[in-house]
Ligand code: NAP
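Shown below, as structure tokens, is a lone chain in the form predicted alone; questions about how it binds or moves come after it.
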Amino acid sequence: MNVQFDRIALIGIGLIGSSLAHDIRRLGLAREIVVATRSPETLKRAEELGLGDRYTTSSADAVEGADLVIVSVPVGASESVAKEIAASLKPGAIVTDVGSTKASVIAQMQPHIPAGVHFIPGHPLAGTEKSGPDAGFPGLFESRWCIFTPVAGTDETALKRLRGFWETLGSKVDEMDAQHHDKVLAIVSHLPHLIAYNIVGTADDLETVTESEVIKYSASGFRDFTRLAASDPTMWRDVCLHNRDAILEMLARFSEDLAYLQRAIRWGEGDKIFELFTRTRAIRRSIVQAGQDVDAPDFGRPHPLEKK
């Protein structure tokens, strides 16, 4: 066993929390895993799946004696969790999170974290459109980035310890300023999800195309948008509200670029359209070369006539 922490408390047991539980167990990183979630039904399911060693609906009870506390809740719930666990945290414990907006999480949580406890905000860039304890699986974080946004005065030993934890899960760890993180994530994650939600919503609103036709004739483009648009509504509502400034900036830029493309199509400016599509194709190649996706037709999906 490669025990790194005696007791790890997982606050929230959705896709990220349950995947962490699988990996912590698989790799033997803790002597005890404590699972906490407010929903008795979700907690019962987590227990049925054997995700922890102890289960509770009280976050305060869960963190007592814990060496590492990982908060995996929608970002809008960060402050209420911090308030609940504050008095129960032991000196020297590390508290981290997995939220995709960092400035907001820091503002919500940091004021409530007691002195002597190491608060290190984090964000693993991994996930699927699935949610809930059944969605988790071992290896989710393998070869994925985990970004830390340390606050001023962060203890270097605690930072190194948490870095080691994520690296053991297979993640590549980077550090950046919280505001910079939020701007980067607004373009690479938040904006694509918003576009997907909007495009699927537009198709749903079309009076001249029936819903059955939209589903029946879904080509790969629309179909792949629906995967993003199936993501957890609570989580993405909170992302919009808690990374508002960066998202609005990226939406404005996107709207300007969309208007440029609209004009080019209207006036038949093929050279401008071709130049844009050539430039964006190069971005796709760069993503594949960086190991962030596979260069397989149709994203590697099997096809009926595909040779085995």
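So that there is no doubt, residue numbering starts at 1 and follows the sequence shown. Small disclaimer: the values here were computed from a predicted structure and weren't measured.
The form predicted in complex with the named molecule exists for this protein as well; it is not shown, and the discussion that follows is about that form.
Which of 89, 81, 146, 162 has a heavy atom within 4.5 Å of the named molecule in the predicted bound form?
Looking at the other structure, the residue within range turns out to be 81.
Among 131, 154, 96, 108, which has at least one heavy atom within 4.5 Å of the named molecule in the predicted bound form?
The residue from 131, 154, 96, 108 that makes the contact is 131.
From the candidate stretches 111 to 119, 176 to 184, 196 to 204, 97 to 105, select the single one in contact with the named molecule in the predicted bound form, where contact means a heavy atom within 4.5 Å.
Answer to the contact question: 97 to 105.
Look up in the predicted bound form whether residue 16 has a non-hydrogen atom within 4.5 angstroms of the named molecule, and give yes or no.
Heavy-atom contact with the named molecule at 4.5 Å: present for residue 16.
May I ask you to state whether residue 39 is within 4.5 Å of the named molecule in the predicted bound form, using heavy atom distances?
Looking in the predicted bound form, residue contacts with the named molecule include residue 39, since a heavy atom lies within 4.5 Å.
Hey, in the predicted bound form, does residue 77 get a heavy atom within 4.5 angstroms of the named molecule?
Yes, residue 77 sits close enough to the named molecule in the predicted bound form that at least one of its heavy atoms falls within 4.5 Å.
Although the partner isn't part of this model, could you tell me whether residue 228 comes within 4.5 Å of the named molecule in the predicted bound form, counting any heavy atom of the residue?
Close contact is absent here: in the predicted bound form, residue 228 is far from the named molecule, nothing within 4.5 Å, heavy atoms only.
Are all three residues 72, 123 and 127 in contact with the named molecule in the predicted bound form, where contact means a non-hydrogen atom within 4.5 Å?
Yes, the whole trio is in contact, each within 4.5 Å by some heavy atom.
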